[in-house]
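Have a look below at one chain only, the form predicted alone, in structure tokens format.
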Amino acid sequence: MSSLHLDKSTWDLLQSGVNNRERIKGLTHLFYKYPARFSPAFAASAIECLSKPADVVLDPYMGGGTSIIEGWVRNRKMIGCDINELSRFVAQCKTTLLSTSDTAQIVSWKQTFLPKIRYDNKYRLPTIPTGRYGNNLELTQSRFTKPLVEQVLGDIVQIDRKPVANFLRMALLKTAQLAWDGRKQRVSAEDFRKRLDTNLTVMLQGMDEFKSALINVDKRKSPKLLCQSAENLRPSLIDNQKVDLVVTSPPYPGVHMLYHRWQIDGRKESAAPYWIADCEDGKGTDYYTFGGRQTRAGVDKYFEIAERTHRAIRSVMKTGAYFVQLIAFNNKSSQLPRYLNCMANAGFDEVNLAGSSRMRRLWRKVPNRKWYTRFTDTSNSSKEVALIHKAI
């Protein structure tokens, strides 16, 4: 039994964040639907409870940057790390503040270019994607939308102002995801234009809200976002700062989730998001999930990488700093003890509720998450657990 405890008021606040069932909204959270999206309410509650303004907060598996956004508006020094270039692109777009002239240029683009998007428009992106980036974009449904995406990209590549170009790529990414990922019916040019128009409007509103939330924050101290494995974290990469808090959601053991692909036309995989975002991919699914497929070898590899990664994270943390994470297991009875052992070997001790005679943990049902493979135990897979540890 752990000798480390949280008082009941802090525990209750964390529990309210874990149990929050509101739809993701606000700030720039709606820019893109990243796989396994982190709960903003949980990230916010952990940051507020277990750190203070000006503290250094790290998310070593930042995904779409949810915790980065929530921490920055609370005046924390945010550091994000992810192995996926698409993740960094999304997080960078969400945390890059637009100037007044940037916003005006985007509004003008929306008014002048959007009406030109149609199937009979001969304007195309000069370089059509080939190989892995264009894979499966000629299938029955996707090929109808591809020329529309090409038209938008063909104009974006001519925009010199990078924050504007990336913002438009982000809007196109969200629109193409709605048009392709998991859809069975073709999207008309009119519907595509309307979706892109709506996404741009919502994103601009979110950006205004985000900027307002940062009114009392030094915006010059923007988040530091790294594209690399957390296994390679070291003090020099984060300006030799010691981390006061880790808030994150790592890959789940035994879960085959696509962080780098969309599934189109009968679940055929496509790397189209990298084409749209102008990012480099080139890695297989196991690279992004610690090799955690539903095989014994895959799960063993997961825990080997997880332990090495957690040791690297511990090396940049202050002694006594908290490590808070949301994670799920496809076999809780065997994998949870193994995962806790990885944390212990890496230099962490689990924290319990003060006064509890047994180890208490915070569980929640997974809300509307898209799993790309069948779990071995659906009763386990339907729940996430919030694990709270201290660096010792």
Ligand SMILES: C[S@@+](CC[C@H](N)C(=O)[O-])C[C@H]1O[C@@H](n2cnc3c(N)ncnc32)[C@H](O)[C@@H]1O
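Quick note: we count residues from 1 along the sequence shown, nothing fancier. These figures come from a predicted structure and were not determined experimentally.
Omitted here: the form predicted in complex with the ligand. The next part is about that form.
Heavy atoms within 4.5 Å of the ligand in the predicted bound form are found in one stretch of 351 to 359, 45 to 53, 335 to 343, 60 to 68, which is 60 to 68. Of the residues 153, 255, 83, 207, just one reaches the ligand in the predicted bound form with a heavy atom at 4.5 Å or closer; this is 83.
Distance criterion of 4.5 Å from any heavy atom to the ligand in the predicted bound form singles out 309 from the list 309, 270, 145, 95. Residue 38 belongs to the set of residues with a heavy atom inside 4.5 Å of the ligand in the predicted bound form.
Contact check for residue 329: every heavy atom lies farther than 4.5 Å from the ligand in the predicted bound form.
Within 4.5 Å of any heavy atom of the ligand in the predicted bound form lies no heavy atom of residue 223. Residue 188 falls outside the set of residues with a heavy atom inside 4.5 Å of the ligand in the predicted bound form. No residue in the set 26, 72 and 212 has a non-hydrogen atom no more than 4.5 Å from the ligand in the predicted bound form.
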